[in-house]
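The data below hold one chain only, encoded as structure tokens and taken in the form predicted alone.
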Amino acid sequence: MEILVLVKPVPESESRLRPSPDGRQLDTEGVKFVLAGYDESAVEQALLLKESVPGSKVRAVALGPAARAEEVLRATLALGCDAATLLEAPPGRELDGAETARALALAAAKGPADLILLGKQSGDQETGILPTALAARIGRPGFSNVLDLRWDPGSNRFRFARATEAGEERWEVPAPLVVGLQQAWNDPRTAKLQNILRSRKLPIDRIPAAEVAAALGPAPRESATKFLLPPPRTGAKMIEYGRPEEAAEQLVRILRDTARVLP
């Protein structure tokens, strides 16, 4: 089985982001980018499938500026992926979900894959459209919010569940397909030190920014005009009370008369 797992470098969760001086984008100077969130589960699920299906190979793909994307790809190699491909993002071009799907379709076209696996949403923008947008772009079935992804060799199909607002769905789908994963069987593993050191010397394939830009075509006409930080939080107001009922009465009075969020 050939598995393509797509990962995105995202700012470390404790990073303090701020707008750039012109306010048109986020200032990423000094920000550490990592493999995180649902993409961690996608890598774990890809490795679990590799271990359960003899002869399987996993290739990780990341789109972004070379420095931050390469760091994330080396993390996937340290965890056990067999190969990695870096899609160099065109400088100065911010990609939305549709453009990201178009760029990743370029990597998918480089070699056949029975399964293209990615997190159901990224850890930064969290639009959640990429799994189905990529599936539509390359003409494959696409599913998001996937749980309990398994390969059934008897039927030559993937079996999985989908979490929906109406409840849980159960599916059986033949390869090839695109899956946006919500959760792997296990929690993401931790790379061993020797594997981290080894990953520093492994080669990473590259698709240059010029080729990616050609695949993307003209830049979209819409763009971000300004990033603003949320207003600072005001201090909390403590409620003094003797009995829980008194606290509830005071809270309702504040919400109704001061905050005016209750009729």
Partner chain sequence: MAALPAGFGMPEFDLTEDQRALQEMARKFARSVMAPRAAECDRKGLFPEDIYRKGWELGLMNLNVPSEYGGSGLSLFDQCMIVEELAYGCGGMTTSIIANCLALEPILLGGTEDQRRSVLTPFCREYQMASFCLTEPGGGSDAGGLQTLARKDGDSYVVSGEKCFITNAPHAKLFTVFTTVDPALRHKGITAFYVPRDTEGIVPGKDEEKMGHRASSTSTVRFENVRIPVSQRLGAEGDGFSVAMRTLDMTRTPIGALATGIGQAALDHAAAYSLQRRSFGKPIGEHQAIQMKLARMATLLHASRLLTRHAARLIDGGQNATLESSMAKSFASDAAMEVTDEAIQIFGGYGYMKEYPVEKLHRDAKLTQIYEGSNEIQRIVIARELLKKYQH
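So that the term is clear: the rigid core is the largest set of C-alpha atoms that superpose within 1.5 Å between two forms. Positions refer to the first chain, counted from 1. Please read these numbers as outputs of a predicted model, since none were measured by experiment.
The following text describes the form predicted in complex with the partner chain, which does not appear among the structures shown.
- Between the partner chain and the residues Arg93, Lys110, Arg150, Lys192, the one pair within 4.5 Å by heavy atoms in the model of the complex involves Lys192.
- In terms of contact with the partner chain in the model of the complex, the residue from Leu197, Leu202, Val53, Ala214 that brings a heavy atom within 4.5 Å is Leu197.
- Remark: all three candidate residues (Lys32, Glu40 and Glu71) come within 4.5 Å of the partner chain in the model of the complex, counting heavy atoms only.
- Of the heavy atoms in Glu14, some are within 4.5 Å of the partner chain in the model of the complex.
- Annotation: Cα of Ala67 displaced by less than 2 Å between the shown form and the other one, core superposition.
- After superposition on the rigid core, the Cα of Lys237 moves by 2 Å or more between the shown form and the other one.
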